[in-house]
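Here's a solo chain for you in structure tokens, the form predicted alone.
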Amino acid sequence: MSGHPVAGTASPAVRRRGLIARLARARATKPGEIYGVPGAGDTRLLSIATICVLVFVWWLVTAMGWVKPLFVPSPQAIVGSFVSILQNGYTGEPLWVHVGISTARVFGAFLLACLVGIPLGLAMGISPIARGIFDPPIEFYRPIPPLAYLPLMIIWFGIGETSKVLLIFLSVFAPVALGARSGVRSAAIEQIHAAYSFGATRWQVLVRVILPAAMPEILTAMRIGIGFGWTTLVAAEMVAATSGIGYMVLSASQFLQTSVVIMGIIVIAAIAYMFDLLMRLLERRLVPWKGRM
């Protein structure tokens, strides 16, 4: 028998070359498919599955008694604490009062930080004079933990609401202002020159060119800032507070009520997550071009 291949068959090398040729002639990849837009794709089912797995592991660890309830209460205990506080309140106050007071403190400070920080950040990005004046104090206090200047807030403003709101304000203000300053650099110089060439004033350039270009980073800075605000809430409510979720968590920890502590943490996380979803919705409405340019 000869060593030549039988008619109608192809050698492995020929088949490999044919496969490579077919792959080379394949259709173009769609955006988001395999190697498309970075991060594109729906992850909701994967996220839900991950949460279910984590809750199951949590239940299994507590059900098997591998960890004492003092350290990690069971999911049933957390739900029981939530229902009990929802029905009977905590320290004489209903749960919605604690949630409302803490939410008012955080979002009041957040709104004030945005009203001051965004215009100041834009001014710092546009004017070297403003940047030279305000950048040093912001960069000086920004890395300092809020607990470090909490005593000063008490000395200067007492133990009332002012010191609590101001402490949260300072934690939110720096990321918002610096995000707005950084966003100014997103405006292309060609767009600015084009606007001036059509007769636009400095104010029109700021409002119609620079501000829209800076909006993606401003919104991202706002999301980061509100996270710092909720982080600082517990520290703010350490000061002579008699209500609020942070107060509830701290008070429960002193009596080793771990289920109430974890329940309060979950409530804080849920409120913060809902606000984050709202900010994502605003991003899609206000800056639909983000991530597509």
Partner chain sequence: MSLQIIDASVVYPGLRGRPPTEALHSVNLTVETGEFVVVLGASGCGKSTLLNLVAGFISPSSGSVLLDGQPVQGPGADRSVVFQKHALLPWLTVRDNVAFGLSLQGRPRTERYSISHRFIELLGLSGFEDAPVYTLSGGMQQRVGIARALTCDPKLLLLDEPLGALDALTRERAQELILRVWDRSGKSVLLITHSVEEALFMGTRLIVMSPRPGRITHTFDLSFSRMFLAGQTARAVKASADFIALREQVLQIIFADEEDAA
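Just so it is clear, the structure is predicted and the values come from calculations on it, not from any experiment. Residue numbers count along the first chain shown, from 1.
If you look for the form predicted together with its partner chain, you will not find it shown, but the lines that follow are about it.
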{"item": "Its partner chain in the predicted complex: contacted by all of 188, 198 and 288, heavy atom 4.5 Å", "value": "yes"}
{"item": "Any non-hydrogen atom of residue 213 within 4.5 angstroms of its partner chain in the predicted complex", "value": "yes"}
{"item": "Proximity of residue 202 to its partner chain in the predicted complex, heavy atoms at 4.5 Å", "value": "no"}
{"item": "4.5 angstroms heavy atom contact with its partner chain in the predicted complex for residue 97", "value": "no"}
{"item": "Any non-hydrogen atom of residue 152 within 4.5 angstroms of its partner chain in the predicted complex", "value": "no"}
{"item": "Position in contact with its partner chain when the complex is considered in the predicted complex, options 72, 166, 77, 209, heavy atoms within 4.5 Å", "value": "209"}
{"item": "Proximity to its partner chain in the predicted complex, single hit among 144, 115, 194, 133 (heavy atom within 4.5 Å)", "value": "194"}
